[in-house]
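In the block that follows, a single chain appears as structure tokens, in the form predicted alone.
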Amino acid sequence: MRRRLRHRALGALLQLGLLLFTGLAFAQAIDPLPFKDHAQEVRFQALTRELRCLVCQNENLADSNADLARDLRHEVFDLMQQGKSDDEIKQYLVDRYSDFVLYDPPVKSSTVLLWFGPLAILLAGAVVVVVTVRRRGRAAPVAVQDEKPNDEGDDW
């Protein structure tokens, strides 16, 4: 009887510990920053959504929990506190990490393939389909029509 109570108490403590650990893990994802006002916070959120996390694939700085993303969020916040504009902050990050840090990179010679590559591949595929259909249309044998009715006695 005592053993059973001890096991239940141990199980309850384990569940409570897991619950607290889970809450602690979520609490670490929240990174409070001392914004001057709500407008600055909205600007910060918009800017960090336009910047790519360099560690996580397909995540922006606002959503990433990586240590580097947290450091970059603090860097963006510090630059905002220094009075830098959004363009200046983006340029600062591009100078350090290249255009990869931007979700919407500018059209330059180094990004032409990124912007127009999918369209070029789509057009090349359309050309291949049209050429293939035309070749098959020319090579198809002309159907010869029989004058005799094809009646072999099967009436379905």
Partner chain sequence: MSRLLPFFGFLLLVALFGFGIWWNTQHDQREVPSPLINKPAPAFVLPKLDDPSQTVSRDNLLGKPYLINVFASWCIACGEEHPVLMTQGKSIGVPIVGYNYKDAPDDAKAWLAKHGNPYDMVIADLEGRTAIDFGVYGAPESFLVDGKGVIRYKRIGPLTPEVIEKELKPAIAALAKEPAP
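Numbering follows the first chain given and starts at 1. Rigid core: the largest C-alpha set superposing within 1.5 Å between the two forms. Keep in mind that this is a model prediction, so the values were computed, not measured.
Omitted here: the form predicted together with the partner chain. The next part is about that form.
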| query | finding |
| --- | --- |
| Candidate site Asp67, Asp71 and Asp95: all three near the partner chain in the predicted bound form by heavy atom within 4.5 Å | yes |
| Non-hydrogen atom contact Arg134 with the partner chain in the predicted bound form at 4.5 angstroms | no |
| Contact label in the predicted bound form: Val55 to the partner chain, heavy atom within 4.5 Å | yes |
| The partner chain contact in the predicted bound form: Asp86, any heavy atom under 4.5 Å | no |
| Any non-hydrogen atom of Val128 within 4.5 angstroms of the partner chain in the predicted bound form | yes |
| Core-aligned CA displacement of Val42 at least 2 Å between the shown form and the other one | no |
| Threshold 2 Å Cα movement between the shown form and the other one at Leu68, rigid core reference | no |
